[in-house]
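Before any questions on binding or motion, here is one chain by itself as structure tokens, the form predicted alone.
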């Protein structure tokens, strides 16, 4: 076959490395970057026949998919495009039509992703009232957009942002909010419970929403939710529907990514600790009972309704995804 995706394709590998090393961070940004990666493949592919295009497409897909195991936005973005490309392939599309199918699907995903953030911001801003003190954790673009929208509506509130160790994404959140003239206080993660009795609402993002309404988000989220429950503070999760995990409907567990120990300490300090091991999980799981509502572009739902979103949004895709995987395997044999 001619024109397959070369292993040394710099554009795809650079996007994959940026996702893997967290130069591209945040579930929404990761999903959009992955979609852009498949579009880049389509634009640059020189495949002269449909099987060559699909072989290269599969390699680009796997390269991007294997970067961050927990981020369901990554898998959903890639599968959104793959389903449409494989449908065209099964219908006998030429390489040019396959390229266009990939480009159109990528553009559609990017557009819907940005529209989802706008809708969530509008729904979420309605939950914020004058005088509120809001706690947030990590660096969620949709949470920031929600807070900025509330500010735009003229609401007067302030924010407590946790540092979010070990990568300190919360510092980015604090800086961004301050630039938007939103009063913000930065605290260490372990101070969350100390401040919680003064907080009116907790608003966080999500990397994964499971079928039972549990939320996978940056490590430390579940502790904040636990402190909020103890203090009777409402917890809101902002999540686009493409962060809902179809595989959890079939009983699959969400893999929690373990990041390098060097994110916690530099090599020389690790060596000085001798036989001490360092664990660095990137995410934790907050049970549905600790969450008051999930704010999606479709509206505000109780976490127990996550299964309904999955059935409506992804239900028909589960069968397609299975067929797609079989189809890939058959083509690769």
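Positions refer to the first chain, counted from 1. In this text, all values refer to a predicted model and were calculated from it rather than measured experimentally.
Not on display, but discussed next: the form predicted together with a small molecule.
Subject >> Heavy atom of residue 26 within 4.5 Å of the small molecule in the predicted bound form >> reply: Heavy-atom contact with the small molecule at 4.5 Å: present for residue 26.
Original post:
residue 142 near the small molecule in the predicted bound form, any heavy atom under 4.5 Å?
Top reply: Yes, residue 142 sits close enough to the small molecule in the predicted bound form that at least one of its heavy atoms falls within 4.5 Å.
Original post:
So in the predicted bound form, does any heavy atom of residue 22 sit within 4.5 Å of the small molecule?
Top reply: Output for residue 22 is yes: heavy atoms within 4.5 Å of the small molecule.
Subject >> is_contact(residue 146, the small molecule) in the predicted bound form, heavy atom dist at most 4.5 Å >> reply: Residue 146: no, not in contact with the small molecule in the predicted bound form.
**OP:** Look at the stretches 245 to 253, 88 to 96, 201 to 209, 186 to 194 and give the one with heavy atoms within 4.5 Å of the small molecule in the predicted bound form.
**Re:** Going by heavy atoms within 4.5 Å, the stretch is 201 to 209.
Subject >> Proximity to the small molecule in the predicted bound form, single hit among 176, 223, 169, 241 (heavy atom within 4.5 Å) >> reply: Contact residue from the list: 169.
**OP:** Please pick, from 228, 81, 138, 72, the one residue with any non-hydrogen atom lying within 4.5 angstroms of the small molecule in the predicted bound form.
**Re:** Checked against the cut-off, the match is 138.
Subject >> Whether 68, 217 and 283 all lie within 4.5 angstroms of the small molecule in the predicted bound form by heavy atom >> reply: Spot residues vs the small molecule: full contact, yes.
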